[in-house]
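Encoded as structure tokens, the following chain is the form predicted alone, with no partner shown.
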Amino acid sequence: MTWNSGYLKRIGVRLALNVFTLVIIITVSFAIMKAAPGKPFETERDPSPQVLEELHRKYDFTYGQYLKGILLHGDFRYSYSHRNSTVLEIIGEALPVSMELGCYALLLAIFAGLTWGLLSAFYRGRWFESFIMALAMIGIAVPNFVLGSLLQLLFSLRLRVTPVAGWTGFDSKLLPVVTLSLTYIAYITRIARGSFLENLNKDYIRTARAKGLPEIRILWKHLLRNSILPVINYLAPATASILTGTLVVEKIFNIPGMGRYFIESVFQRDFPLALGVIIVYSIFLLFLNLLADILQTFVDPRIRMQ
């Protein structure tokens, strides 16, 4: 594959814009945290002025200090609520759990969404298509916190086949992954169905069938590659949304991931931890958008030639 120099320049510009966007996110988030009511060291029994002065000396920081530490040294500071623990240490423990949950949900969403979209396109006008699209509408309409509670009620409390909460074995991971993925399965199904239907009527598909090529070869070599571009465009924001969507699912199923620490940090006014979680999620979003732009060049050669 040959890369157009203009496209490489475009990637470089996107990287620079991503860094600028990250600075804007840090600035706005920092300003909101500082403007929020309440102080991080306030308690029901106020400490003495000497203790407060020592706490502020050790833990407080200005915007300039924070931005310089993040960009130059990757220093996310110390957590207010987890004393003697840095934000990076806390995120290092929680991020793999959230990533595991998000990756499982994403893989399930891609596999099920493409499969359902393809089947609904092949069986267009039949009851099977109506059934799949009805399920897709339900998946879009029902919020994941409602769906998670219903799944807990059915499979955990009534049928007793899965634990109510936790993140230990396969059975405890099943309901959170399904809860997080169903909305994205529904969206990918609708996007893939429309793209498959559009390409099924193209001349190259009719030509391939006229040559007597097997349907499975037509599917993998021609139809899937030319129909998957809209799905790839959707995957970048979907992946970021899945990762941030773990906040709610982790709370419902009591999963020790980023969501639990972020919610705790907001209630406990732990500014460094809350900012750290926001920045990590923002980096993922910016990186995934750039990755989706690059992946398009592998799928559609026309983009490389522009």
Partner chain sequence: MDAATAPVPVISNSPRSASPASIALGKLRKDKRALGSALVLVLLGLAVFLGPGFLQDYEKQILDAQLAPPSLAHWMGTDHLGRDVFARVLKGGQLSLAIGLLGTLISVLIGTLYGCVSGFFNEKLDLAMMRIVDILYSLPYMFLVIILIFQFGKNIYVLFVALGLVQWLTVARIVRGQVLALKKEEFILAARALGVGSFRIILRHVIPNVMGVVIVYATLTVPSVILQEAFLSFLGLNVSNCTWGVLIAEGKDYMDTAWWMLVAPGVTLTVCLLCMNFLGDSLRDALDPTSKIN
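Residue numbers count along the first chain shown, from 1. Since the structure is predicted, the reported quantities are computational estimates derived from the model, not experimental observations.
Missing here is the form predicted in complex with its partner chain; even so, the following discussion is about that form.
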From the candidate stretches 130 to 138, 101 to 109, 198 to 206, 225 to 233, select the single one in contact with its partner chain in the model of the complex, where contact means a heavy atom within 4.5 Å.
-> 130 to 138
Note which of Val161, Leu153, Leu72, Ala210 lies within 4.5 Å of its partner chain in the model of the complex, where distance is taken over heavy atoms; exactly one does.
-> Leu153
Find the only residue in Pro214, Pro143, Gly92, Gly125 having a heavy atom within 4.5 Å of its partner chain in the model of the complex.
-> Pro143
Distance check, Leu247 to its partner chain in the model of the complex, heavy atom within 4.5 Å = yes
Can any non-hydrogen atom of Lys68 be found within 4.5 angstroms of its partner chain in the model of the complex?
-> no
Is there a heavy atom of Arg77 lying 4.5 Å or less from a heavy atom of its partner chain in the model of the complex?
-> no
Indicate whether Arg190 is a 4.5 Å heavy atom neighbour of its partner chain in the model of the complex.
-> yes
Does anything in 260 to 295 come within 4.5 Å of its partner chain in the model of the complex by heavy atoms, and if so which residues, in order?
-> Phe262, Ile263, Val266, Phe267, Arg269, Ile278, Tyr281, Ser282, Leu285, Leu286
